[in-house]
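One chain follows as structure tokens, the form predicted on its own.
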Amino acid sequence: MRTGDLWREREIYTAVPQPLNPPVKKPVFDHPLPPPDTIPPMATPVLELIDVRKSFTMPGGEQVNILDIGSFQLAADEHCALEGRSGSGKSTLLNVISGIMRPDAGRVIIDGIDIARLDEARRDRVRADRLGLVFQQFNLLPGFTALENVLVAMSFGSGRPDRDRAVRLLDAVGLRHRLDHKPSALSVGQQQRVAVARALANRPRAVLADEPTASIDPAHQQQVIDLLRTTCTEQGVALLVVTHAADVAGQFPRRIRLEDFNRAAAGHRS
């Protein structure tokens, strides 16, 4: 804002002779600003995409554009629901964000690190340390107990496995009495709870959840969403949930459609 827009003099000097030492006129501030120490800082994005593009070559040689994103940000502690029709690129987007897949062009910044510039091994380390993943099919290790599944996730991070933290996480999702149970001895809902605890194992900056309610019966879908949001809030973790369910997306403070910022998906609309 220009200075002239903020300040104005009480009087305008005219041709009338002025005193040799006129009193100092204090300007009036039209829109007083709060003291600097009371201005809230700008939210720092924990995730940022800049000019990200991804395409695939079909067996016949046709090039299909899947992602063409100019800009997208997820702020620290923000909870966001990402909607999109089938084939709009939701799964590809999550793979690019998590470093499982490298974009053809652009920047993918996770907690200040551009993982698009890293090799596969270093992308894996950033993913283990800074992102928690909740898969639609859970992907629990069948030969390990609930506690061991969380401890194994910790072993992929930079820190050492912390049994006490693993127990606390499973307790937070209501499974303290199921620590020694393997996935086959757990219900579908309990397996999803283990998956949430595992996603938080390494104190990530953000959790990415891919259709977390798709494999759960309607009676327990709300429990999963409540669990994700409550646990991420308690842990101070940002949350990005991919969903096709409007009733799920409607519960989030931020709700966006992939077609609205993915130019490739917008171009495929019929």
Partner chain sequence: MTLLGIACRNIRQRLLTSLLTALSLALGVALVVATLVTGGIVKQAFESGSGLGYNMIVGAKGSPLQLVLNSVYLVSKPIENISWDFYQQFLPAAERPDGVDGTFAASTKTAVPICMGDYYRGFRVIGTNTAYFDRLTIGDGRPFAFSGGRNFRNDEFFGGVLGATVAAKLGLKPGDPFAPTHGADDGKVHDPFTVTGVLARTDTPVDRGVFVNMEGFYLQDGHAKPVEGEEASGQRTADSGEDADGSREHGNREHGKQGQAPLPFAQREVTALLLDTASLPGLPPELMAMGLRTAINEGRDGQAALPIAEIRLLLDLFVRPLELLLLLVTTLVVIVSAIGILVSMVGSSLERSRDVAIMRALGARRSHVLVVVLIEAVLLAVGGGLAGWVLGHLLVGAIAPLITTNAGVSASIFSAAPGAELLLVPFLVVLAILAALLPALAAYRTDVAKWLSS
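Numbering follows the first chain given and starts at 1. Quick caveat: nothing in here was measured; it's all calculated off a predicted structure.
Absent from the display: the form predicted in complex with its partner chain. The rest refers to it.
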* Asked: Does V167 reach its partner chain in the model of the complex, with heavy atoms at most 4.5 Å apart?
  -> no
* To do: Answer with yes or no whether I100 is in contact with its partner chain in the model of the complex, where contact means some heavy atom within 4.5 Å.
  => yes
* **Heavy atom of R193 within 4.5 Å of its partner chain in the model of the complex** => no
* Using the partner position in the model of the complex, report whether G143 sits within 4.5 Å of its partner chain, counting heavy atoms only. => yes
* **4.5 Å heavy atom contact with its partner chain in the model of the complex for all of H79, A209 and V241** => no
* Asked: Thinking of its partner chain in the model of the complex, which stretch from 170-178, 117-125, 104-112, 69-77 has heavy atoms inside 4.5 Å of it?
  -> 117-125
* Give, in sequence order, every residue of 74-97 that has a heavy atom within 4.5 Å of its partner chain in the model of the complex, or say none if there are no such residues. => N95
